[in-house]
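Coming up is one lone chain in structure tokens, specifically the form predicted alone.
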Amino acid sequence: MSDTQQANSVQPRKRRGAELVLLVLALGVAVGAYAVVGVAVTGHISSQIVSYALGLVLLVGIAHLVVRFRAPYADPILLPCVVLLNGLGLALIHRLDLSKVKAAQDAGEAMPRVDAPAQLTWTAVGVAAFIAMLLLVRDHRWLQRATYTALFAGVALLLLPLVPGIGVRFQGAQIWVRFAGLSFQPGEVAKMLLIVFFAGYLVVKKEALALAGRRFLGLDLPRGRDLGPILAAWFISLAILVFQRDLGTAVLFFGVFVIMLYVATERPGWLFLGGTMFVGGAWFAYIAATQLHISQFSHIANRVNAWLHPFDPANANGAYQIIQSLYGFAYGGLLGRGLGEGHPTLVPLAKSDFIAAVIGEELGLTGLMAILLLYGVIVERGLRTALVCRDQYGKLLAIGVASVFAIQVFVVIGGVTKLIPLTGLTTPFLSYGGSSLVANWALVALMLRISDFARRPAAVLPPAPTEDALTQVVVVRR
């Protein structure tokens, strides 16, 4: 067997057929959940089930065809996991809509706004962003050329909510922009741009940042002259915390940078230093709010107090959400009350920040663990992609995307279950909201593009010419 034949025999399979089968299963679960909540709440299947199912199947089918023809070697598990999470999120939002409508009818009040159709529309926009990312970014290495452009664009988007006239404060956080009647959260797009910058910067500077300085407790700490990047990330995170009062984005931004810095340099000292700076910053913010009475940090003190003492009457306003969430988890128990059989509308902002509480009440601890396993699969496939990727830039991009999902899910589920203080982030693909959904679909497309490059068989060079082939016989006729 020749070298070319051997190379062809070990080529990785495209596995698009396996992806299609998993997508069919995911769509079946999503549409089935949508039908079940209608029967449980109203006693009959919703009249919108056909249009919902056709719309979701059409969107997923187009996304699958684009992956099949434009990224044939991409990971076959990522897209089905995302579709399942997005579909379940739509079913849960529809379930909350039905409860609101039923309560309004019983009370003789005006019909409230329903959000499931809007979420399906945002899903279509997210799939469009997914397709655009795969079609426009043919090679993820092209993004390295825009390293500093991504930095300036990301910082501009982070500062956009502070611009008078378009910035909107909601629930105490200045993270929204309202323009032409539409609300948008620019920080969701900024996180993707900042990942592109972090990866491009660390690829170039990793050798200098990997140099060891002083040794402390068995760890080689970085040199003082190399602390500029992590100090800049720390100060930017504090600025977000102070001026935008957004704890979640600050934690996500700083955590992703520290993880990517550690992966690029392979120095545990950066993790130690980053963790120390995070703890120091959190302690300073709490002290500034409770003892120095600096109003810019008051939201930090409120959330910490609600976390430590949720049943204290002094924290009645700030802890009401977490108390109702804990009651919902207790009511759901191990297996849950069943879709449509609980009372999740008692939890404020159940469609967005506390949608995990809806899962815990109606699907129980078992259902919540299944959802966490789906997120774990997404993160694991991202880390696997980073391991097999052949270029350092792609490795760091994949690590950055996987870290975004891992940190975001941890801080959201941790806050809802009272493991850590609430941060205000949304649960990826499940929570109601267009900005987060569209940005996360684009991040998944970027991960699939890197995965396609990593799993695609390397080009096989033609065999070297033999000595006989290099000899040419020239016949001279006289």
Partner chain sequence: MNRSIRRVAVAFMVLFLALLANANYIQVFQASDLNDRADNKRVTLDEYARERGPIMVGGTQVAYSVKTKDDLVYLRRYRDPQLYGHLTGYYSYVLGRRGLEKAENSVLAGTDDRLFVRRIVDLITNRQPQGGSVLLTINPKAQQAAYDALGNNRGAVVAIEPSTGKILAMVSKPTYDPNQLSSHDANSILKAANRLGDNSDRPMENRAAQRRYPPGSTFKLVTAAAALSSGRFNPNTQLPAPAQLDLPLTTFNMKNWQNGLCGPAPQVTLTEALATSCNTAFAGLGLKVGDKALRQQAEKFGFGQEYLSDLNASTSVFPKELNTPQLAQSSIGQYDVAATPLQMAMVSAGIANGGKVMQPYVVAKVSGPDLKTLEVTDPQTLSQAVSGDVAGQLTQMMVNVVDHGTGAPVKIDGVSVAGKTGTAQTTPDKPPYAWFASFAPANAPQVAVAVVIEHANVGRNEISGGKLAAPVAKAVMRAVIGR
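Positions refer to the first chain, counted from 1. In this text, all values refer to a predicted model and were calculated from it rather than measured experimentally.
One more form of this protein exists, namely the form predicted in complex with its partner chain; it is left out here, but the text below deals with it.
Query raised in the report: Heavy atom within 4.5 Å of its partner chain in the predicted complex: which of Lys100, Arg141, Arg178, Lys206?
Result: Checked against the cut-off, the match is Lys206.
Query raised in the report: Which listed residue (Ala156, Leu308, Ala330, Val125) meets the criterion of a heavy atom within 4.5 Å of its partner chain in the predicted complex?
Result: Of the candidates Ala156, Leu308, Ala330, Val125, Ala330 is the one lying within 4.5 Å of its partner chain in the predicted complex.
Report task. Report whether the minimum heavy atom distance between Asp106 and its partner chain in the predicted complex is within 4.5 Å. Result -> Yes.
Query raised in the report: Taking the shortest heavy atom distance, is Gln324 within 4.5 Å of its partner chain in the predicted complex?
Result: Heavy-atom contact with its partner chain at 4.5 Å: present for Gln324.
Report task. Mark Gly360 yes when one of its heavy atoms lies within 4.5 Å of a heavy atom of its partner chain in the predicted complex, and no otherwise. Result -> Heavy-atom contact with its partner chain at 4.5 Å: present for Gly360.
Query raised in the report: With the partner left out of view, is Ser435 within 4.5 angstroms of its partner chain in the predicted complex by any non-hydrogen atom?
Result: The answer is no: Ser435 has no heavy atom within 4.5 Å of its partner chain.
Report task. Pick the stretch from 391 to 399, 73 to 81, 114 to 122, 273 to 281 whose residues have a heavy atom within 4.5 Å of its partner chain in the predicted complex. Result -> It is the stretch 391 to 399.
Requested in this report: Scan 363 to 394 and note down the residues that get a heavy atom within 4.5 Å of its partner chain in the predicted complex; none is a fine answer too.
Outcome: Read in sequence order, the residues that approach its partner chain (within 4.5 Å, in the predicted complex) are Gly364, Leu365, Leu368, Met369, Leu372, Leu373, Tyr375, Gly376, Val379, Leu383, Ala386, Leu387, Gln392.
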